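In the structure tokens that follow, a single protein chain appears in two forms: structure 1, then structure 2.
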Structure 1
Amino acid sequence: MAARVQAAGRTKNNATEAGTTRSQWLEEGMERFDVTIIGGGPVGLFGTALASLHGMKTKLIESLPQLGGQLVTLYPEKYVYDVAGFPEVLAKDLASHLIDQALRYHPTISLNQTVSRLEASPDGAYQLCTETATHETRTILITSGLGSFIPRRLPEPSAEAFVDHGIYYFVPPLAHFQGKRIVVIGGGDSALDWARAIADIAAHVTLVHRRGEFRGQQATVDHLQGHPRVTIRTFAECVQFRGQENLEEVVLADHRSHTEETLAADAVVAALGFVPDLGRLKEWGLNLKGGSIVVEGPMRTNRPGIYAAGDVTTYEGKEKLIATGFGEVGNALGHIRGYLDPRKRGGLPHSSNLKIQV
């Protein structure tokens, strides 16, 4: 039996390619699922694998036309070094492994659908509404991460004309920067990591940060400081972007010397972070704190049958890491299984005790 991948409107994408070659594209029905997972990032994908491995009838809904979440949308070409079992792995490859694992146990996957409305049925089940469909489910697991990916924009009006014509909030494949002069803007891990990755192939990288100290890892700052093709400009800001159709130069203001300088630039990567936005999920009556969903011990929200895991959640001591999200989603599904069938309370059994047929 193949995994079922459903999509609204335009479909198919690179990240799901591995899965869709083994998949059918079926019409949506009003089947009731045991668990519906909202968000196909790493945590939702691992949750999809676990839920279906443990016999729950599982659906995953993803708003983008591709699976993988931040791994494929924000940093596909970067190496990740802190996921168990992988000494180092490219983010897009990690996503691909997770997609393979999720599709192995035949879940139903709906792409291109953003969950917006929630309706409770009298018998305790829920209906989840997207622009194009209604999904019926006994429980819900929210793994919507950052929510919609809304990048923090450059404040200078001259930047707008060059978005995707030299100014990038979503980084294209790195080959795009081969042999070019690149400006990376930002002071966090994202800016530092992109500067490092791009420096390996670009003619030159200028890293611009308006403060004196970087918020990201010192080891990466040290690496960039010693890199022959990297210039670091702190206390500096890009105040103007110029060019014809495509970006050609950037005006850099130095806040200490109060001088301005024009840099030739083929591209700017604006790594200023993303604004988390839960979208319509904010209206579901869930306890929220700082734009995240408050969960208790077993990743339970304040509404019965609704659980959450991954970056979307908050609790004391929360770390927004892939490894943390994997643990959280296992915990959540152990409790969802017990919620669905009280005889199965007590968490997920060891998978090594299962007899698996795929």
Structure 2
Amino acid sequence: MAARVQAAGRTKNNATEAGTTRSQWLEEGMERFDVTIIGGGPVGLFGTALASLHGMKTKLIESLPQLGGQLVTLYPEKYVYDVAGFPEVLAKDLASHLIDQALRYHPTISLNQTVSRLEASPDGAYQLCTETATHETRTILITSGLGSFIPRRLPEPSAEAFVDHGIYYFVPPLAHFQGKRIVVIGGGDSALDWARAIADIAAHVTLVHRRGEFRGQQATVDHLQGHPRVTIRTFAECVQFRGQENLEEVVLADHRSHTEETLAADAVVAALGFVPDLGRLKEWGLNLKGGSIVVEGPMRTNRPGIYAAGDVTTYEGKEKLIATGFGEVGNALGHIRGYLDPRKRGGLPHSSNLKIQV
């Protein structure tokens, strides 16, 4: 049995057209699932695998036309170093492994659908409404990460003329930077990781940060400090961008010496972070704090049968890491399993004790 993949009014088996009509698909969409996971990033994919593995009838809804979340849309060529079992792994390869794992247990996948409305059924179940379908589910697990991720823009007006003509908020394939002079702007893990990845193929990388200390991992900072093709400029900002049709120069202001210098640059990677937006989830009556969903104990929200895990959540001591999300989604599903069937309270059994059929 193959995983069912539904996309914008159609049903596909292993991405092959099944010839299902729109009316037939809408009828399928009303099939009731034990748990519906919203968000097809790494946490949602692992949650889909766990839920299906432990016998829950599972559906995953993703707003994008492909699975993988930020691993494939924001930094597919970057290495990830903090996931258990992988000393290092390309983000796109990690996504591929997670997708294979999730599809192994035959969930239903609905792509290119954004959940806009939540309605409660009289029996305690829910209906999730998109533009093309209504999805019936007994429980909901929200793993939508940052939601809609809007990049923080460079404040200098001269930057806008060069967006995608030398200035990038969403990084193209690394081969685009081969042998070029690159400026990376930012002080977090994203900026550090991009600088590290690009430095191995670029002619030179200048990492610019307006503060004296980086917010990212010190090991990456140490690596960049010892790299022969990397220059780190702290207490500095890019204050002007110049060029004809494409970017050619960056004007760098040093806040300590109060001087400016012009750097030749073929491209700028602006890694200033993203502004999270939960979209219509904000209208679902969930407790929110700072753009995140407040959860307690077993990743439970304030509404019965609705849980959340990963970067979309907040609680005291929260760490926004993929590794953290993997643990959270397991905790959530252990309690969802007990919510669905009180006889199964007590968490998920060890997979080594299960008889697996694929």
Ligand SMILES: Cc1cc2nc3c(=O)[nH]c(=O)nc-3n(C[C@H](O)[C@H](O)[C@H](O)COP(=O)(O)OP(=O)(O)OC[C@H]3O[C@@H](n4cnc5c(N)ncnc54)[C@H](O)[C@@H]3O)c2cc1C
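Between two forms, the rigid core is the largest collection of C-alphas that superpose within 1.5 Å. Please note that residue numbering is based on structure 1, beginning with 1 at the start of its sequence. Nothing here was measured: the structure is a model prediction, and the numbers come from that model.
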query: Structure, 1 versus 2, that is the form predicted together with this ligand; finding: 1
query: Residue 122 C-alpha relocation of at least 2 Å between structures 1 and 2, rigid core basis; finding: no
query: Exceeds or equals 2 Å, Cα of residue 284 between structures 1 and 2, core fit; finding: no
query: Core-aligned CA displacement of residue 85 at least 2 Å between structures 1 and 2; finding: no
query: Core-aligned CA shift between structures 1 and 2 for residue 248 (Å); finding: 4.5
